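Let's start with one chain on its own, the form predicted on its own, as C-alpha cells.
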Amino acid sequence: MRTRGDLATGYLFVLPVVVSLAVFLIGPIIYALYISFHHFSFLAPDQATWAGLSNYTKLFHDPRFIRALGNTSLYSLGVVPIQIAIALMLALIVDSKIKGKTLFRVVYFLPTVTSTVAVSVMFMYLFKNDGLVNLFLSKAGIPTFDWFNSLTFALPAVMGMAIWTTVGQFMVIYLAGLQDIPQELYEAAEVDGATPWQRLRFITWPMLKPTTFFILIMSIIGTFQVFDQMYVISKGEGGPQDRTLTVVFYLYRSAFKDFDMGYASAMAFVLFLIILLLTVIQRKFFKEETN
C-alpha cells in the first residue's frame, strides 16, 4: 500500500518539472493567447486595448502575410519530399554492407550539427556572383545567376541549403528504423526469389511507414518554422521583394521591429493551427494506408 509519505515524495520529485513547464511553457502560451486578442506593445504594455478578433482577421487581408504563407508553403513542398527521399537513400546506402560505414555516417550527419548561421554564410559565398557554383556553371557553359538576389532562384537556393543541412538528421532516424526490421523477413524473401527492388517495395517501405510518418511530421514542422536561414541570407529584410519572407520571419518583424506583439501572437496561433491541421490529415492518411 502506498502511504501519504510516498505520494508526497513522488509529488516533490515531479514538482520542479511541473513548475518549470508552468512558468516557461504553459504560462507564456496562455499569455500569448491573451495578447493575441489585444493591441499590445511591450513599449507600452499598460496601454493595451481589447482588439477582439481583429488581429486574426487582419492576417487574411495582409498581403505580406499571404506572401509569407505562400513562400513557407512552397518552401515546405520543395524541401520535405526531397529531404525524405535523400534521407532514405542515404540510410539504405549506410545500412548496406560497404566499407567505411562509420565515416559515411559522420560525413552525412556533420551538416546537421553545424551552426545554421555558419552554413548560411558559407552558402552565401558559394552562391554569390563570383562564387564556386557560378564558376562551375560558367565552365559548363550554363548561364550564371545572382542567386540570392534573384526573384526566381532566391527561394530554391535556400531550399537546397536546407536539404543539405538537415538530411543527415533524418538519415539517422531512418537508419534506426532499418535496423529494427527483422532480418528473417529479408531471408525468407530471398529464398522466395525476391529481387532487391521487391524487398525494398514489399518489406522495407511498409515496415518504415511509422518512421516515415514521424520524419514527415518533423520535417513539415521544421520547414514551417524556418527563420534563421532566411534572416541571414536576406540580411534581415526577407528580400528580394519578400521572396524569402516566411511566416516566422514576418512574425519576428511584427513583434520586434514593428512592436505589434498582439498581431505577432495571432500569427503564431494561426501557424500552430495550420501545423496541427496538417498533422491530423497526415495521421489520418497514414492510418488508412496501414489499414
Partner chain sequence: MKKKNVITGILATTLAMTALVGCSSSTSDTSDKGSTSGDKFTLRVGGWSSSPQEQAMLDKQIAGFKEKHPNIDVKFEPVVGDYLQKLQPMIASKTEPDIFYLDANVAPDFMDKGVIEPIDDLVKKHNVNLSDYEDAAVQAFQWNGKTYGLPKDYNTLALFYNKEMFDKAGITAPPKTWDELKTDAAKLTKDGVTGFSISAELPRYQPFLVQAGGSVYTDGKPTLNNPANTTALDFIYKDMMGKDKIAAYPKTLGVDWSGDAFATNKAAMVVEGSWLIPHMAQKAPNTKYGIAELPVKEGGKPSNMIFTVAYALSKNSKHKDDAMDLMAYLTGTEGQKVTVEGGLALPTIKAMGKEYSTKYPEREAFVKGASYAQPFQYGVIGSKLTDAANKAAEAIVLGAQPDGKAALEEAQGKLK
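Numbering follows the first chain given and starts at 1. Bear in mind that the values here come from a model prediction, so they are computed numbers and not experimental data.
What comes next is about the form predicted together with the partner chain, which is not displayed.
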query	finding
The unique member of V23, V17, I281, L273 whose heavy atoms fall within 4.5 Å of the partner chain in the predicted bound form	V23
Proximity to the partner chain in the predicted bound form, single hit among K209, R105, R201, K128 (heavy atom within 4.5 Å)	K128
Candidate stretches 108 to 116, 192 to 200, 141 to 149, 70 to 78, one within 4.5 Å of the partner chain in the predicted bound form by heavy atom	141 to 149
Distance check, T49 to the partner chain in the predicted bound form, heavy atom within 4.5 Å	no
Distance check, D228 to the partner chain in the predicted bound form, heavy atom within 4.5 Å	no
Contact test in the predicted bound form: S41 vs the partner chain, heavy atoms, 4.5 Å	yes
Residue contact check: Y34 to the partner chain in the predicted bound form, 4.5 Å heavy atom	no
Residues within stretch 238 to 270 having a non-hydrogen atom within 4.5 Å of the partner chain in the predicted bound form	P240, Q241, D242, Y252, R253, A255, F256, K257, D258, F259
